[in-house]
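First comes one chain, alone, set out as structure tokens in the form predicted alone.
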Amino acid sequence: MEPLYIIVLAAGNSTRLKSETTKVLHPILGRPMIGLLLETLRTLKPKKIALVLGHQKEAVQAYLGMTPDLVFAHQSQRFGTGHAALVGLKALKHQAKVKRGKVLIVNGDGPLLTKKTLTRLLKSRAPLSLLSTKLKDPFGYGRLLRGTKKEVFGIVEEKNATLEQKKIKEINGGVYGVDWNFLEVALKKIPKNPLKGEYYLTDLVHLAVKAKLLVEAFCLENSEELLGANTREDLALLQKVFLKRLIKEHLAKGVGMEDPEQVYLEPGVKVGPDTYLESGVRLSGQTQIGAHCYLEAGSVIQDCRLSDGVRIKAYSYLEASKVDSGSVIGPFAHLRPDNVVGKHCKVGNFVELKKTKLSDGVKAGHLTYLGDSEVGKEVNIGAGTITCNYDGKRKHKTVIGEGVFIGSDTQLVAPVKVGARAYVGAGTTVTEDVPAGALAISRVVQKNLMKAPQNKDTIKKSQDNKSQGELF
């Protein structure tokens, strides 16, 4: 197989997006679109990928990092797509040991392209091949010109098209597969557009036809793959289409959904079969969810790992945490980063965890905060319990042994340890370690202050006492 090289045109500004962020760094389902595109392009196993950058090139390079397969090229002056491709090819020539093969040219704002489509394009034996599609309203796009035998002989831009040409529904998709040798010669021959003073990549078609070379166009039935992003509306549409694709993939793998249109997923998310997602569930980052889980309405889960059989009750928020099988979280629970929840635990309503490890069978039913804590097996945490882990300068750890019972409204002032099978009475403030099996309790003496019964005799007596200056 001949070597493959790729040129990504990503030097454009974000003028129509009305954004200070360069177009290719705008997120689609939580990830910059250039990252999504490169993920697809790398499945083609190219020798090198040249990214032609302009606006905010440093930011794009910082995001992508320096990897062996990437070559960064800077288009300092914007002279059109033909010029950008030439800048990219020069960068490849400088890096590539083998200066032959096939060159794939794509736009940086095309994250919906699939490996299947690009592979089909690259299998063409024509010196120049391209992707096209048909639109009901092709206004603004370059029209593909075909001959009587359906051969491609040109592309005409909207502003240069005749009335008859404007009726053509097939448009240029802006994705090209080109033989290296032809591209190297043709890019230097592209004429400058007299109106814009730019060099258009579409003129490759005219140059190929002039040289009597075959030009092949693959017309995609699904035009969504060729969607780009010039406006905020375009960005929203890209995300909607990409999300629909991901949802379809998960449904096909056995994931149940109450209403697929009300579920949000990101590309890095994995969900096991027979897991069920109610409406309003959001799964983001690198979240991995096992089989037979149940996620109730409004659950938000980011960068978490849930084992099989976990239930997340409504409107719970989980970040960067692990939950083992059979545990129940929520409703309205908040797991901040770095928690490990063991098997068959219960983290109930309005419970917050931060950097805490719960061993198997721990129950914290409601209204509790556990931060920087380690809790042993089968511990019961009463309502209103908090770990006082911050002294104003540093965080301290609370350790609770196995089988401990923590009464309601307990404050554990860290650093502190509660030994195995100890009891802590309700309302206790624990400031010292509690030995194993002990009962810890700290309370003020209870006082019951009561008024005397209000009958006629006591009222008269009270009045008499007050008249004599006595206090009741």
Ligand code: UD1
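Not measured: the values here are computed from a predicted model. Don't overthink the numbering: it's just position in the shown sequence, from 1. Whichever C-alpha set is largest while still superposing within 1.5 Å between the two forms counts as the rigid core.
Note that the form predicted in complex with the ligand isn't included here; everything after this is about it.
Choose one stretch from 70-78, 253-261, 299-307, 314-322: the one whose residues place a heavy atom within 4.5 angstroms of the ligand in the predicted bound form. It is the stretch 70-78.
When you measure heavy atoms, are G12, N107 and I155 every one within 4.5 angstroms of the ligand in the predicted bound form? Yes, because G12, N107 and I155 each have a heavy atom that approaches the ligand to within 4.5 Å in the predicted bound form.
Select from the listed residues F350, Y294, Y200, F182 the one whose heavy atoms reach within 4.5 Å of the ligand in the predicted bound form. Flagged contact: Y200.
Which listed residue (G174, G177, G401, G330) meets the criterion of a heavy atom within 4.5 Å of the ligand in the predicted bound form? Checked against the cut-off, the match is G174.
Quick check on N230: any heavy atom within 4.5 Å of the ligand in the predicted bound form? Flag for N230 set to yes.
Does G376 make contact with the ligand in the predicted bound form, using a 4.5 Å heavy atom cut-off? Taking the distances in the predicted bound form, the answer for G376 is no, it never comes within 4.5 Å of the ligand.
Could you confirm whether G371 comes within 4.5 Å of the ligand in the predicted bound form, counting heavy atoms only? Flag for G371 set to no.
Does at least one non-hydrogen atom of Y141 fall within 4.5 angstroms of the ligand in the predicted bound form? Yes, Y141 sits close enough to the ligand in the predicted bound form that at least one of its heavy atoms falls within 4.5 Å.
Core-aligned CA displacement of N349 at least 2 Å between the shown form and the other one: No, N349 moves less than 2 Å.
After the core is matched up, is the C-alpha of G290 off by 2 Å or more between the shown form and the other one? The answer is no, as the C-alpha of G290 shifts between the shown form and the other one by less than 2 Å after core alignment.
Against the rigid core, is the Cα displacement of K248 between the shown form and the other one at least 2 Å? Comparing forms between the shown form and the other one, the K248 CA shifts below 2 Å.
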